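One chain follows as structure tokens, the form predicted alone.
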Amino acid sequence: MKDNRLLEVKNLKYSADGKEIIKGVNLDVKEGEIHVILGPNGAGKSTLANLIAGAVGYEEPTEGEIIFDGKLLNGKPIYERAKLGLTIAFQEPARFEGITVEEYLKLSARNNPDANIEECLRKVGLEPCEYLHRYVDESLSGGERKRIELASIMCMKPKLAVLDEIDSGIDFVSIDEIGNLFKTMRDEGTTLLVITHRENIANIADRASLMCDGRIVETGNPKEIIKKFEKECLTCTVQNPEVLKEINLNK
């Protein structure tokens, strides 16, 4: 039987400034799925995303292994991981002074001869005639830059896209719009690992993992993971100091 695990994370640990942030994460992402990591703010989700992608400063975990498409990623910089077919959309989308949206998307599509940059823009809800000649800088809102970043990933067509809090501030009309976009990306050949703290995003997933306090607590059916998140994480005073603050105010 074929092993369809595209990404494997084995006993991953990561420390910074003397503090352990990732505490032995085990995770697998199957080829062709939308896999959501759900957890409260401060759970270590973005740190895990950066470690998987090899973002600057996160190339080497303290302990454990990251295996992508059968290859060990430990120590590889972000550009080498990109060559293997792994990319990330960061929580805060990048700005590129002096580069137009058209130039940016053409760069993303350079290894994908079938890419249609205008169609990719339309799929993320932007009209090419309004955006192709604009610059990818502060003149665009954060939501517009996130949509353009998603369009660039569609042009690139990587094997795996890690989307870190991609729904945050993106001004999507509805959860259905986000879901349809994710499913389009999956159906066009990109496996998705989506990082979020919103339960409704997890409903889009084929599988979901619950992350709390630097660990993957459970992986399984998204509906069951959401129930566990609502029952155990949203009321947790360790992961949600606002809950503790509210309790103290009501004493």
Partner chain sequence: MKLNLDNRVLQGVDFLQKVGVSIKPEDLAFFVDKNEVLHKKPIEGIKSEVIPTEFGIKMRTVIEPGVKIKYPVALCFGNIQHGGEHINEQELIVGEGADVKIYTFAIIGPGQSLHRKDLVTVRLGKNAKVELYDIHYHDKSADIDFYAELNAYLDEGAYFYNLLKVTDQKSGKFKTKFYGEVGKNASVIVEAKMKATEGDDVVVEDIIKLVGEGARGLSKSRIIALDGAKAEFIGEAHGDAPNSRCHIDCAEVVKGENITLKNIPILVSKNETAKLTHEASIGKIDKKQLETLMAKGLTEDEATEVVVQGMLR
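Numbering follows the first chain given and starts at 1. The shown structure was predicted, so the numbers you read here are calculated from the model rather than taken from an experiment.
Below, we refer to the form predicted together with its partner chain, which is not included among the displayed structures.
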Please state whether every one of the three residues Ala55, Ile88 and Tyr135 places a non-hydrogen atom within 4.5 angstroms of its partner chain in the model of the complex. yes
Heavy atom within 4.5 Å of its partner chain in the model of the complex - the one residue of Leu126, Ile117, Leu181, Ile78 that qualifies: Ile78
Arg110 near its partner chain in the model of the complex, any heavy atom under 4.5 Å? yes
With a 4.5 Å heavy atom cut-off, would you call Ala82 a contact of its partner chain in the model of the complex? yes
Using a 4.5 angstroms cut-off on non-hydrogen atoms, would Glu165 count as touching its partner chain in the model of the complex? no
Contact label in the model of the complex: Met156 to its partner chain, heavy atom within 4.5 Å: yes
Could you run down 144-164 and flag each residue that has a heavy atom within 4.5 Å of its partner chain in the model of the complex? Arg145, Glu149, Ser152, Met156
